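Here are two versions of the same chain, shown separately as structure tokens and labelled structure 1 and structure 2.
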Structure 1
């Protein structure tokens, strides 16, 4: 296990390196630069040329990449070119918690609902309840996320005004956790419900898979009560693949949902990264992407490790 871990972590280094190269070149070869969009009658070509020079945009792309790499390896991701020349690390620090709380809340909602529903649905396979659940799952899987979010706002912020229309804090009110929770409710529910569909489906099939296994039959034939069979034997094994999903959803927690954040004007990583891409804010794009890549890689690793931890049959040597 330990050698496996070390091997995987070491393998991550060239992966991240290759990724930084790809992302840097793709972003920098994209037409336009941070100044191209500034159409303003007061700005002269001389001003623009000076500014490009100052930002180092006139250097060759290879020089720029190695400059970036040199600084990044020292932990310096530079300053944003579009957000007040602020240090990129500071921007991430500001936005990251916002995304995390929203995504964790959404994940909690979807897991807490999806796992019981999925198990229930599996145990009552082919019943009316199972068919109804399956049907709604499929509808949930077939709805574009923005549509669901808009519907949620329309109903619960406007027609029945329980929740605010957007934002993360009541403007001007003192900082309070309750206030944030209140603003978070609707986006978290909208996002959570979208997650329910796939999670329920996953739990259901995982449970069905287990129930069919020989050891469950053996357990039953040994005369154990159905409750013991289900909760002691089946459930535990059915949860194995579900646990690995946790590892795989880690990057989602940090990455932030671009669409949900935009619709609810939630100041998270999603809105930051989209704005950065559209305005060619190179340092921010690089930092966000590299961070995301790192988290994804670690998430995959955690998923594999969790899998081995919960399932003793799997061994990494």
Structure 2
């Protein structure tokens, strides 16, 4: 396993390098630059030229990329062109923990509910409960994340004022974990609900395929209880394809949180990336996109490692 992990990590280096090259060129090939929106009549063309030189925008795109790469390898992602010229690494350190706790909470809500519901639906195939669950699954798959988020705010913040509209903490209140959890509840539920729909459907399909296998019938014929048959024999094998979805859901949830964070004004990576895009803050856009690329790579790596954990027949040695 150790050799496999080292090999995968080494294989990921050229992949991340190629992604950084593509992302950098796509961002910089867009019309305009961070100074294009400065319409102040008091700013002369000489001032703009001087400002472009200070930001390194007068260099060729190749030179700018290798300058960025050289600094990024040292952990220096440059300074924001808009947010008070603050170091980008500092902005990421502020926003990343907020996004992590929100996404972990959403993932826990999704998985802790989806797997049991999916198993129950598979065991009660074609029953009223199964049809009811399938109905809500299709609703969850059909609703866009932003629509469900706005609907949740309308119901649970306006009609039934249980949760706050947005933010991460109560303004003026002292720091409190309970206050953060209170503000995080609605966005985490909004993100987790959409994950529940897809994961429940996938768990149901995987479980239905396993329970029809010959070894499950053999286990039942031996007189084993239904609980042992399902949770010891069927579930372990049904989890193998589900592990793939778990690894791929990590970047999916982080990417989907961009919209949710913006709607609930959650101070995370999502709101930072949206502001950076609208203000053409190239260093921040590069750092955020490279973070999502790294998360996608790690998600696939985690899925491969979990294969061996779930199925002892899989070995990477």
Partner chain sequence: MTQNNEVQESLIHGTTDKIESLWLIVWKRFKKNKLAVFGAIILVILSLSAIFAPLIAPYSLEEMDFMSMDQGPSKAHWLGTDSLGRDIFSRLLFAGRISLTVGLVAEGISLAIGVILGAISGFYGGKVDTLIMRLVDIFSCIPFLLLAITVVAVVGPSIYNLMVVIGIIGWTGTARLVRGEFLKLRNMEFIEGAKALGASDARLIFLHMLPNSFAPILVTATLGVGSTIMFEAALSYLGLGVQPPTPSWGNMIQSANDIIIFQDKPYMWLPPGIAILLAVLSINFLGDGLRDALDPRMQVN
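Take the two forms, superpose them, and find the largest set of C-alpha atoms that agree within 1.5 Å; that set is the rigid core. Residue numbers count along the first chain shown, from 1. This structure is a prediction, so every number in the text was calculated from the model and none was measured.
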field: Structure that is the form predicted alone (1 or 2)
entry: 2
- prompt: For residue 93, is the CA shift between structures 1 and 2 at least 2 Å following rigid-core superposition?
  reply: no
- prompt: Against the rigid core, is the Cα displacement of residue 161 between structures 1 and 2 at least 2 Å?
  reply: no
- request: Answer yes if the Cα of residue 223 shifts by 2 angstroms or more between structures 1 and 2 on a rigid-core superposition, and no otherwise.
  value: yes
- prompt: So if we fit the rigid core, how much does the CA of residue 7 shift between structures 1 and 2, in Å?
  reply: 2.6
